[in-house]
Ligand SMILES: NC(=O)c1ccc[n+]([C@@H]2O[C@H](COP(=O)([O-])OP(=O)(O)OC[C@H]3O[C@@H](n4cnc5c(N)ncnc54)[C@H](OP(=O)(O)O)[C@@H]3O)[C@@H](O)[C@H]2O)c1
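Given next, in C-alpha cells, is a single chain: the form predicted on its own.
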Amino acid sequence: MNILVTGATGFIGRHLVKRLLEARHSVRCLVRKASNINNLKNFRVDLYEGDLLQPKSLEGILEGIDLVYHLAGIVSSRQTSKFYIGNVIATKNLLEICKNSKIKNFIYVSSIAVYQPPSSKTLLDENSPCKPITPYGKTKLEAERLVLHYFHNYNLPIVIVRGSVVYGPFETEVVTKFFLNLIKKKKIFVIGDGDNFRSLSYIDNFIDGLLLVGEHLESIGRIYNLSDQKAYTLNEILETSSRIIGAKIKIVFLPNWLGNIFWLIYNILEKLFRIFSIELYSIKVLSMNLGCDVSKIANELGYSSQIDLKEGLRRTFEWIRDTYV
C-alpha cells in the first residue's frame, strides 16, 4: 500500500513511518523546507517537500497514494492563534487536496483534549461531551468537524482517532520533561489527592492502534479513542515510576483551591492576552480526570495494548537516562 504521512518528523510520526516500512508499505512523507529530517534519513521513504499552509505546494502529493495519516499539527505554542493555523487551516488545505482523490482512507489523529474533563472518575468514551478547555483541544475539535464535513459532503473516507497522552523513546517535549524532573528532583507537587484517572499510551501501543485503523476499511466514518487499555490514577503512575527509577518520589499534595487560582490566571492569560501558559495548564491538568474507555476500538477492530505501564515506563526511563542524564 502507498501511504502518505504528515507530521513524519515528529515523535509519533517517526515511529509510525518505521512500522509502516517494516510492514513493507511504500511511504511518502510531507516535509517542509525547514523541517529537521535527520530521523528519516535512514528510512527508504519518498520525501515530498511542501507546506500544509501553502496549498499550491501540495499539488501532486497524492499521486499513487492509497492512505493518508494526518498527524501534523500544533501541540504547544504561547500564541493561541497558532493552534488555529496549524490545526484547522492546515487540515482544511489537506482535505481540499484529498476530496477529489482516489484515496481509500484518511486517518485524522486527534486528541482526547476535545472532551470536557469529567468531574468524577468516569472514563471518557466516544460519546462523552466535547467541550474542550484549551486552545489545542478547541482547534482539534474544529478540525474534527471539518473532517466529518468532508466525509458527509464529499464522501471522503475518513477515520478520527482521539489519542491520550503518548509517551516513550524520542518524545522530547512535555512528557519527557515531566519524567526527567522525577529522575533528577525525586519530588513532585500535585494538586488534590492524586486519585484522579489518567490514561497514557505507550508509543508502540499507539502505533498498533493506528495500523489497525488503517487496515480495517470497516472503520471508515467512525471515531475511536486510543490509549493503553487500563486507566491508572496519578498516584499509581508515580508509584510505578518510583519503583523503576529505584528511588522514592516525594509527593507534595497541595489544596484544590490553589489549583483553582492557577486555573483562573491561566484563563485570564488566554482570554485577554491570547497567551497559552503550558506551565499553569500542566499544574492544573495533573488534578483532572482524563481516563479513556477504549472498548470501542477493542471490540470493533481487536485492539489490545501489548505493553503495560511498568514496561512502558521502564523503556522510557531507560531512554531518558541514556539521552539526558
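Quick caveat: nothing in here was measured; it's all calculated off a predicted structure. When you see a residue number, it is the position in the sequence shown, counting from 1.
Same protein, other form: the form predicted together with the named molecule, not shown, and the subject of what follows.
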Counting only non-hydrogen atoms, the one stretch of 278-286, 52-60, 296-304, 261-269 within 4.5 angstroms of the named molecule in the predicted complex is 52-60
Answer for I12 alone: is it within 4.5 Å of the named molecule in the predicted complex, judged on heavy atom distances?
yes
Spell out, yes or no, whether the shortest heavy atom distance between L71 and the named molecule in the predicted complex is within 4.5 Å.
yes
Heavy atoms within 4.5 Å of the named molecule in the predicted complex: does Y136 have any?
yes
Although the partner isn't part of this model, could you tell me whether I244 comes within 4.5 Å of the named molecule in the predicted complex, counting any heavy atom of the residue?
no
Judged by heavy atoms and a 4.5 Å cut-off, are R32, V109 and G163 together in contact with the named molecule in the predicted complex?
yes
Heavy atom within 4.5 Å of the named molecule in the predicted complex, from candidates L148, V75, L211, I251, belongs to V75
